[in-house]
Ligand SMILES: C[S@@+](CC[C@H](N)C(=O)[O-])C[C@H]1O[C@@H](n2cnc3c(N)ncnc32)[C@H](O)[C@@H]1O
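The chain that follows stands alone, in the form predicted on its own, written as structure tokens.
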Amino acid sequence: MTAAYDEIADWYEERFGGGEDPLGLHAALGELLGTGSGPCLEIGCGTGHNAGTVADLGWTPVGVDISARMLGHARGRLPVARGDAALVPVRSGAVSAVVTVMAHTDMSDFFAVLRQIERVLAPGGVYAHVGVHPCFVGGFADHSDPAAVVVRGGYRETHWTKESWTDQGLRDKVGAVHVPLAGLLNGVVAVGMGLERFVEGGEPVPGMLGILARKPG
């Protein structure tokens, strides 16, 4: 397996491992996931920086990612396995919680990943998605003015792009898949999970959208 993040894993750890969280990702993850116990699977765990938040809620964090270099940084933070998000190496119904954090835009077929999430969840299990806000983050959005976001054409189409307003982020390096809001929500519903709660984060307009879904008991 090859992974785009292998080439930038060290840069990613240095750039995003400093604890800054302007979008409120960890607070959103805590609010959506809530307290619990047992294994919580993070699909696309990257360097493992969300493990502390998951553990603080009482869960036992475990992670899966396709990038060996990213997992090299993660191994000191949580147990990990290397694997494709669309073919998760976890038995069906094995976990009570699954999370993805800023990961769905890195997955070429997020709808296949959603099917895997539903499969590995036990009945009544929860899925907490924390990701870029599809309405305001993408190749169609210009964030160069800190006080405003300019949204141009291109939002409605699902697509992959490396177009970016900055060379300090991820999209210009590894690309990103954009799925519009309706497609994202409909994808969760299509695999049989029920939508329960939403959160947004970031200023001046939301850059993060969080979703809580549950597999029927």
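One-based numbering along the sequence shown. Note that the coordinates shown come from a computational prediction; the quantities given were computed from them, not determined experimentally.
Not pictured, yet referred to below: the form predicted in complex with the ligand.
Q: Since exactly one of L33, A176, M70, V179 fits, which has a heavy atom within 4.5 Å of the ligand in the predicted bound form?
A: Contact residue from the list: M70.
Q: Of the residues V137, V126, A103, V95, which one places a heavy atom within 4.5 Å of the ligand in the predicted bound form?
A: The option sitting close enough to the partner is A103.
Q: Quick check: do Y5, G44 and L170 each get a heavy atom within 4.5 Å of the ligand in the predicted bound form?
A: Yes, because Y5, G44 and L170 each have a heavy atom that approaches the ligand to within 4.5 Å in the predicted bound form.
Q: My question is simply whether V151 lines the interface with the ligand in the predicted bound form - judged by any non-hydrogen atom within 4.5 Å.
A: V151: no, not in contact with the ligand in the predicted bound form.
Q: Using heavy atoms and a 4.5 Å limit, would one call L114 a contact residue for the ligand in the predicted bound form?
A: Judged by the heavy-atom cut-off of 4.5 Å, L114 is well away from the ligand in the predicted bound form.
Q: In the predicted bound form, does E118 come within 4.5 Å of the ligand, counting heavy atoms only?
A: So E118 does not count as contacting the ligand.
Q: Given that the ligand is not shown alongside this chain, does I66 nevertheless sit within 4.5 Å of it in the predicted bound form, heavy atom to heavy atom?
A: Looking in the predicted bound form, residue contacts with the ligand include I66, since a heavy atom lies within 4.5 Å.
Q: Choose from 103 to 111, 118 to 126, 142 to 150, 72 to 80 the stretch whose residues reach within 4.5 Å of the ligand in the predicted bound form, heavy atoms counted.
A: So the stretch in question is 103 to 111.
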